[in-house]
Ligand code: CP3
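As structure tokens, one chain now follows by itself in the form predicted on its own.
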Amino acid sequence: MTPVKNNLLLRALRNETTSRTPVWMMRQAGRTDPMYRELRQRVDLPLEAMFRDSDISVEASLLPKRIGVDGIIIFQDILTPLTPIGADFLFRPGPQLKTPIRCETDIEKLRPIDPADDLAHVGRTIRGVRAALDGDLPVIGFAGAPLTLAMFLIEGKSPGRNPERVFSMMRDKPASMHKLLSKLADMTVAYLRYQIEEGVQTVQLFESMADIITTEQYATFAHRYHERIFAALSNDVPKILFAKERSEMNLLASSGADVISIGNCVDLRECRATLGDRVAIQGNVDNQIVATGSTDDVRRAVRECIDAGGSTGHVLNLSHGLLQNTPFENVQAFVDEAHRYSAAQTESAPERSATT
């Protein structure tokens, strides 16, 4: 395959020193971008149909390239692989499942997947993005983590802040919950392996509902499945763990991930002191600042984050994904300041490679 010309992101993910801090944003291809909104109007399709059309997915994936990000994440959703297992989510506008999981029988009905057949459109999207980039930037793949996916399946929609059916299953039917999580972990391994085979150069596991559970629940129902997934993946690509607003740095670092995505709940300097050089870090500008602050606020937050994260093994990103009401000029300011400030900070520093 074509070598990557801009390899800053991949080098930082491998815990190396880079000439400037690489930058990308979760949800960078999406609703905050006026060109994406024009694309939605032009194709006039439901979101799930856009995901399944690889030509549209390639076009949407590539939109952030023009603003200067250092990596392109494929345009899909964490719910993408659930349709072939027997749980077809529609977006009207939020995700909706016709028949949520309610009992052991529902779990047993979930089918294993063959990604090359069941998710071939994702492979076509990855190949299309790589061909269009021609090595300009690396391609980022991803999947939802088992517990987050389970919450959607059990609630039949976005879980919200208090998914009572999920908590009830954790408390009253833990064996059933683990059976569901085990099936989802197997699916996630197969799905991420397929993305790697098709050409993504790093993968991120999204535990997007991690902030609504206790430390004990996280260790019992999330962490052990992160370990299982990362252990089953190739070491040839960096593996990123995003566990929304978790502060247990040592626990997260023991997952087998090469990179930990850090939320607002942790100071990056303290994180560095705790983790040392065991893993690289990603983050952690507050997505609320980017959504509601001025461009000066955004630029200041970027500078503070780069100073705290340093120039070795740090990828500039957000605490979570871009919020719907984020002004696009703030998105551009985020990337522009990342380029300007981090290059100025590190232009005289010698580059070195970390031991891997």
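From a predicted model like this one, the values you see are computed outputs, not experimental measurements. Numbering starts at 1 and follows the sequence shown.
Just so you know, the form predicted together with the ligand exists too; it's not on screen, but the next bit is about it.
K.L.:
For the three residues 151, 167 and 225, verify that every one has a non-hydrogen atom within 4.5 Å of the ligand in the predicted bound form; reply yes or no.
P.N.:
No: no residue has a heavy atom within 4.5 Å of the partner.
K.L.:
What is the one choice in 27, 65, 52, 299 with a heavy atom within 4.5 Å of the ligand in the predicted bound form?
P.N.:
Flagged contact: 27.
K.L.:
Under a 4.5 angstroms heavy atom criterion, identify the one residue in 188, 255, 76, 195 near the ligand in the predicted bound form.
P.N.:
When the ligand is considered in the predicted bound form, the option within 4.5 Å is 76.
K.L.:
Have a look at 122 to 130, 206 to 214, 98 to 106, 266 to 274 and name the one stretch with heavy atoms inside 4.5 Å of the ligand in the predicted bound form.
P.N.:
One stretch meets the cut-off, namely 206 to 214.
K.L.:
Would residue 36 count as touching the ligand in the predicted bound form under a 4.5 Å heavy atom rule?
P.N.:
Close contact exists here: in the predicted bound form, residue 36 approaches the ligand to within 4.5 Å, heavy atoms only.
K.L.:
Closest heavy atom of residue 47 to the ligand in the predicted bound form, within 4.5 Å or not?
P.N.:
Close contact exists here: in the predicted bound form, residue 47 approaches the ligand to within 4.5 Å, heavy atoms only.
K.L.:
With the partner left out of view, is residue 218 within 4.5 angstroms of the ligand in the predicted bound form by any non-hydrogen atom?
P.N.:
No, no contact at 4.5 Å.
K.L.:
With the partner left out here, check for me: in the predicted bound form, does some heavy atom of residue 325 sit within 4.5 Å of the ligand?
P.N.:
Result no; residue 325 lies far from the ligand in the predicted bound form.
K.L.:
Counting only heavy atoms, which residues in 229 to 247 are within 4.5 Å of the ligand in the predicted bound form?
P.N.:
Heavy-atom contacts within 4.5 Å come from 242 alone.
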